[in-house]
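One chain comes next, on its own, written as structure tokens: the form predicted alone.
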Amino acid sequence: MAVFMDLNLSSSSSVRSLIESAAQLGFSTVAINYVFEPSKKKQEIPTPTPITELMDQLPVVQGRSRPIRVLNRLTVVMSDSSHFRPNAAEYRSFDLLAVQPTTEKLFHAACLLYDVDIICILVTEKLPFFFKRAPVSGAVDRGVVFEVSYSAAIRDSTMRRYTIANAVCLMESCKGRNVILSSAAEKALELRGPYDVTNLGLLFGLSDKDSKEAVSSTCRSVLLHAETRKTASGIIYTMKSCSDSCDQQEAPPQSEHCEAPAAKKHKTAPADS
């Protein structure tokens, strides 16, 4: 059974109802999105709210016996190259890191240089540039995914045209590879079920297979990419802690009077009678 994810829920006042609705619709993992726009004056990088402060107990996913998984995500809206600081300590508080470039130059840099997990595609207005295959292919090779959100298409008919046009333009360049579909919902009524989202993917130019992967396996790849991004050179290692059982499996130390192994015994001449 596929595991569905929505990696973009708005960090609004109704985030609790968003999480509950996502669990009822069958999403196993969601990400609360905190948007940071450095171009606005006196705006600082937000601090994610602990999930224990949002709700006492996580809701159980519909059709599963486990509670929903809630992650934190930061999206940096870039209008200048200085707006993205790759070594900022504030970024480490988030599980996922995304950028939304507003110019062609910044889009190329995000695809080829920036160490991020997600590149957001603008859907509320017409794109000021065209997608070129070279930077898009470079992002695909690096494991970076492109995100298309659909909630703006629900709110307004004009935004619906922009969402479909920009999404189709992207699909022509990436051929449906490394694309995720998310809601960017601000209210619970803007959420749609996983199978409804896959139907929207067909409208955006995705194939049936790519549409299903855009809400399941490709999202899982984003989580894995985020884990490796936090390690040196993308290497993960595990270490098993030593327990009492380990001590029991160790060979007991040899005493001074223990007999040496047969292979190490020196050959001695037989004693004279």
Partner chain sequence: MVRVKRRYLLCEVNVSKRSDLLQLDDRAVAAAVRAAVALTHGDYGAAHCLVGFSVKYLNAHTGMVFLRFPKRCYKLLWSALPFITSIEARGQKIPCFLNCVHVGGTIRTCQKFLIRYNTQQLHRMLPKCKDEEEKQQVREAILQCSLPGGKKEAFEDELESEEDEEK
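Positions refer to the first chain, counted from 1. What you are looking at is a predicted structure, and each value in this text was computed from that prediction instead of being measured.
The protein also exists as the form predicted in complex with the partner chain; that form is not presented, and the subsequent description refers to it.
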### Query
Is it true that Arg69, Leu74 and Tyr91 each have at least one non-hydrogen atom within 4.5 Å of the partner chain in the predicted complex?
no
### Summary
in the predicted complex, the residue from Ile180, Val144, Leu191, Val123 with a non-hydrogen atom within 4.5 Å of the partner chain is Leu191
### Query
From the list Ile154, Ala165, Leu112, Val140, which entry has a heavy atom within 4.5 Å of the partner chain in the predicted complex?
Ile154
### Query
Looking at 29 to 37, 48 to 56, 223 to 231, 201 to 209, which lies within 4.5 angstroms of the partner chain in the predicted complex, counting heavy atoms?
201 to 209
### Task
Consider Arg160 of the chain shown here, and say whether it contacts the partner chain in the predicted complex, taking contact as heavy atoms within 4.5 Å.
yes
#### Entry: Contact label in the predicted complex: Asp196 to the partner chain, heavy atom within 4.5 Å
yes
### Message
When the contact criterion is heavy atoms within 4.5 Å, does Val15 count as touching the partner chain in the predicted complex?
### Response
no
### Task
Indicate whether the partner chain has at least one heavy atom within 4.5 Å of a heavy atom of Gln24 in the predicted complex.
yes
### Task
Using the arrangement in the predicted complex, list in sequence order the residues of 48 to 63 with any heavy atom within 4.5 angstroms of the partner chain.
Val60, Val61, Gln62, Gly63
